[in-house]
Structures are given as C-alpha cells and as structure tokens.
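To begin, one chain is listed below as structure tokens, in the form predicted on its own.
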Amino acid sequence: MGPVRGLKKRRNPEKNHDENGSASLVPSKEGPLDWWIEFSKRINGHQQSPPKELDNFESVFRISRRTFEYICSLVKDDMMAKSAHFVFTNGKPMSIYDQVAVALRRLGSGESLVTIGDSFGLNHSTVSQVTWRFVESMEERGLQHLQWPSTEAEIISIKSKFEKVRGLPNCCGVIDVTHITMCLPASEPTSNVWLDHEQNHSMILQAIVDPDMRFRDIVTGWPGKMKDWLVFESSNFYKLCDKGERLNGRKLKLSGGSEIREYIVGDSGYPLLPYLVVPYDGKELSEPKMEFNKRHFATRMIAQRALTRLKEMWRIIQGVMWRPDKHKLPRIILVCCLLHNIVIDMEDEVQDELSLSHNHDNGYHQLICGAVDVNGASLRDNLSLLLAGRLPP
C-alpha cells in the first residue's frame, strides 16, 4: 500500500436506532453493563466481581463507555458479518463488544498478540484477525472524523481559536512530523530503505492539526529517511494549495492595502511559502521578529501535544514495532489517528487525565529546510509587524 494521503469523505450506511434514538449495538440479551461485568472478571482473573479499583472501564481502555459504544456502532455491521466466526478458547462466540475491546486493547497497549490472547482467553491468531478486521472497518466507517474543514463557519471557528492561543490571525493549522520506529532484520532486502537520518528504521506520519489537537490532514507510509519538506511536497494538501484550491478563504485586510491570507505554521524543517509560515532564523533578530518566533512556537506546540497524545494513547505506534508489515502499517497509523479524533469529537474527558511528555519524537533532531518564497517572506513580515503593533489592522 502506498502512502495514505488525501482522505475523501465516504457515506456511512444507516444505523438501526431504537425508540430513544441510540444506536443499536448488540442483541438485547447482552447490554454494555452485563458485558463489562463478565469481561472485567476475565481480564482480572476473578471468578467473583473484582474489586472496585480493578473494575474500572476507563482505566483499561482509557476512553469512556460512551465513546466505546459509539466506536462499536461504527464497526458493528462489518465486525459481526456472517463470515466472521471469532470465538474464545472455551468456544464462546465473541460479541461486538468483545471484538472491539480486543482491538482497542491491542492498539492502545501495544502488547503482543500472545500477551493479549492470554489475558482475554483467545488464541493469538484470533487477536490478530479481530484487530485487522477492526482496522479495515474503521478506515472505511470512521473517515468522516478526519476531514479538512468543509464550511466557512468551521474554518472561522478554527481561526478564532488559533488567534486566542498566541494572537496569530487567520491561521488554519499547524503541521508537524513524527516517526513510527520499527525493528527490522539487517537481512531484509528493503532494510536500508527504511533507515532514517538517526539510524533508526522508521515510517513517517505528517499531520496538520487544528487548535483542539484534532488531525485535519495526514500523510503516512513514506520511509523515515525522507526529509520533512519532501513529504509535504508529495502531499495532496500541497498540490491543492499550489493550485489555489486550499487555504484560499477570506483574507484579513490591513491598512495600507496589505493583507494576511490563510496559512498554516510549521517548524524550520519546512520551506517558507505563501501559505506555510516558519519561524525566523538567526541569533541577532529584531524585537518584533523575536516576539513573532515566541508566538509561533507556542502555536506549534499544539501539534506537538497532539502527536504526543496520539502515541501515548495508541501505544502500538509509540515504541519500536517488531517487524511490522509495511503495507498494513500506514492503515494502522490512519486508524489510530481516526480514534484520536473520535475521542476529541465525543468530548471524552478521560483523555484529559493523560499525562503528556510533549516529546513525540525522542532522539530526533531538527532538520532545516531553508527555502524561502518571496511571498511567504512578505506574509511573515506582515504578521510580525502586525503582532508588534507596527502595522495597524
């Protein structure tokens, strides 16, 4: 599979709803509460009800039950299709809750197939099959949760929130890159292809993030050795911007005839473009430029936090992956990003309890692009002077 680039919204099949309007997830004989009581006994090794501190859904899955049930509603039709006959080692069929729980545990913990299988009473091959079926369903059913803003009201809200962070007006997103590291045998023919500049085998994830840490556009699948700016220039987002079909909304008019167009911000690993603003470089900077860099850095931290939360929440992509299938890995990364967004869209408060290290790419050093477009330089200078009060709005 090639790199995951532009994502198009697909229509989801209609769900069955009960008289209260809630999605129908499983047969009435087993509700979420009954399911969790039995499931928690199994994973905690208790025949009777486990102690309260162990009987905690949120501590096991790090999402609320409401979010869990919503995810089940998305994948139910695919996961419970007649062709799926997943059972526990004792022969009991797996419900939709069982299957989603196993898949989320695999993606969220990063534990081995054997470890999860032993914990849940499953063969490790069943864990693998259930997880992959979940990934295939989510990348089809959950794509509406990873989209570039489609309405003017939505983009206005995003720009307003960014301006409240540290004052950058008309900003539409923050771009950053992280590496998904892998353990590959030296004997593998393509091993060197995946060897990056820090001598790790890795795959790149590029993300454009909104002020709520939601992923709005991603690119993944490229080898970690690929420079950040080359990944960006290969993306559909870049092509749309270059054709004037993205970041082409309302401009902020300034006195004297100058204006601030829509743009995103990124670090020095990207070129300075008419729609991508990077910080000033150099040590002897004027006060307006230094102030601009401070505001720019504070805004970029939103993407840092988003990628950190992604990896800490979905730990299958946090550590060093053992000999992953490079064709399947981009799809796993995509689904982790979808799940990250779903947690935000569901206003799940459990995520707020996660401690963040703010370091999603430990051991990686900043690469410098240095390319400068004259129109990008003009935009950055106007922003700098405006924020310093030297260019009246």
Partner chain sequence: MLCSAPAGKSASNWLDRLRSNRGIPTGDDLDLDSFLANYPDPTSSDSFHSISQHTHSTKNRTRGSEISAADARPTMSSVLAELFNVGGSLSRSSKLSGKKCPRKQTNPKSFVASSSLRYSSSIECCARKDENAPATNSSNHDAAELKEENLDCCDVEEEKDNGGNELRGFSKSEVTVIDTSCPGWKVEKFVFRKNNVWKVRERKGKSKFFAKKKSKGTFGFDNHHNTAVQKKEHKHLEYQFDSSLEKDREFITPSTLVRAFIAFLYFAQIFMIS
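These numbers come from a predicted model, not from an experiment. Residue numbers count along the first chain shown, from 1.
Same protein, other form: the form predicted together with its partner chain, not shown, and the subject of what follows.
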query: Site test, P223, R246 and P330 vs its partner chain in the model of the complex, non-hydrogen atom cutoff 4.5 Å; finding: yes
query: Heavy atom of S235 within 4.5 Å of its partner chain in the model of the complex; finding: yes
query: Contact of K41 with its partner chain in the model of the complex (heavy atom, 4.5 Å); finding: no
query: Heavy atom of V114 within 4.5 Å of its partner chain in the model of the complex; finding: no
query: D217 within 4.5 Å of its partner chain in the model of the complex, heavy atoms; finding: yes
query: Candidate stretches 140-148, 119-127, 282-290, 89-97 - the one whose heavy atoms come within 4.5 Å of its partner chain in the model of the complex; finding: 140-148
query: Listed residue (D345, E349, D325, D34) with a non-hydrogen atom within 4.5 angstroms of its partner chain in the model of the complex; finding: D325
query: Residues in 173-192 close to its partner chain in the model of the complex, defined by a heavy atom within 4.5 Å, in order; finding: A186, S187, E188, P189, T190, N192
